[in-house]
Every structure is written in structure tokens, then in C-alpha cells.
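Just the one chain here, laid out as C-alpha cells, in the form predicted on its own.
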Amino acid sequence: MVPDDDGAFAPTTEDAPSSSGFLDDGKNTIGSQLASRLREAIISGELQAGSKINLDKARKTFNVSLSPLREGLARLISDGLVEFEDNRGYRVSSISLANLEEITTLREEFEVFALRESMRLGDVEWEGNVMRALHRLNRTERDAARPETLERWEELHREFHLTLISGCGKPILLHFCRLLLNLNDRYRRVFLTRTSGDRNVSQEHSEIAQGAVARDLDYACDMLRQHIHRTGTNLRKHLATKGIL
């Protein structure tokens, strides 16, 4: 699936089978599966910020009816990734410095608080999950010259950050943290995946994880806050070079 010149969907050979490939199994509706597929396309930059989402073309691409497609788009509106305007239809949400700064600030507050609560409430299983997620991430190569390595690294990077806060015992807080991570990853993956990083991210992740499982609340929280802030600073620089205000 690729966006055409109008920002809508143009199916590739791989994306246009005789059937949609979506099946309502009672746990995941077709709408939720479509939302996941579209979410990944937006976060990865495959669907560009501000581009129009043509319902008819998208329906044909995915070989689904309008009802589950609208359901999927409604989910993405609630996630802040898609916007709907009367008489104009659906559009991928735009990006801006102000939006990035707000996301970064909120992540520093919500995610750090969730980590503190995870250290306070998390059990031995949580500790093991954190160290396993760290090991998988640090053992995975990220090479800008090999796009397949970037996709795998991004997947494990997201898993690591969510595992860190998974012991907080607060579902609403976790929901907001996931939403903010999605919004932040959209900026990260579009503007930073062409480089292999300009700082020792592996070391930063290790320091955060080790501090977390040691229950060193102030140290781990400070390391995570600095980690998020540095990422935001790098992203703002990239946006500025693109002339995005």
C-alpha cells in the first residue's frame, strides 16, 4: 500500500489480493485491524502528514466496506493521528514544532510518573520483563543503510518503553502513555530513521532499565526524563532544517 499523488491509497501488487485479509475473530474487529494497519502507515511516514485519505480508494485498496473503514478512522481520530473536517473529509494530522513540544512535555510528565509507579508497585516478573526487553533491543542492529533493521529496532524500542511502565497498575495512565508514544514515534521515525543515531542510545536505555529494577526511583526517573528530552531536542532540530514551524 502506498499513497498516490492525491495522498490517498494506491494498492501495490502485494496489497491488493482478491480478499481483504481481515477477519473479525471476535477479539479484533475488521475496523480495529484496519486502524492498526493505518496507524503503522501514518507513524512510519508512509502516509504523509496533511495528506488526504480518500475513502473510496482506501476501501478498494483494503477490499472492505465503508463501515469498518470509518470505524478504523474514528479510532485514529481519537489517537490524534487523523483529522476530520466537514466538507473536506479525512486527512492525516499535520505536524508542527508546537505539537512536538507538547508531546515531549507530556511524555516527560506521564511516562516518568508511570515509571515511578512501576518501580513502586512492579513485581519480580516486571523486573524480568524489563531486562529481557532491554536485552532484545540492545542486541538488535539499527543500520540506516538497511531499512529492514530500522523497522525491527523501532518495534523493540517501543516494546522496551512500554515494558518499563507496564508495572504501574494504572490502565488509564498506560493508555495515555501509549497514545503519546505513538504521536512521538511519528516524528522520530520520519525524521531520524535515516541516521543511526547521534548519541549512545543503548547506554541510555541500559541506565534507565538498571536503575528501574534496582528501584532507584530518582535516578531512573531522571534518566528517563533526560532521554525523552534529548530525543525531543533532536527532533526539533530536524524539523527546523525542514522548515517546519
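Rigid core here is just the name for the largest C-alpha set that superposes within 1.5 Å across the two forms. Every value quoted in this text rests on a predicted model; they were computed, and no experiment measured them. Residue numbers here begin at 1 and follow the sequence given.
There is also a form predicted in complex with the DNA; it is not shown, and the following applies to it.
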| query | finding |
| --- | --- |
| Contact of E46 with the DNA in the model of the complex (heavy atom, 4.5 Å) | no |
| Residue contact check: N182 to the DNA in the model of the complex, 4.5 Å heavy atom | no |
| 4.5 Å heavy atom contact, G211 to the DNA in the model of the complex | no |
| Residue contact check: G89 to the DNA in the model of the complex, 4.5 Å heavy atom | yes |
| Stretch in contact, per heavy atom within 4.5 angstroms of the DNA in the model of the complex, of 152-160, 168-176, 120-128, 78-86 | 78-86 |
| T61, S206, T29, S51 - the one with a heavy atom within 4.5 Å of the DNA in the model of the complex | T29 |
| Core superposition between this form and the one not shown, C-alpha change of D86 at least 2 Å | yes |
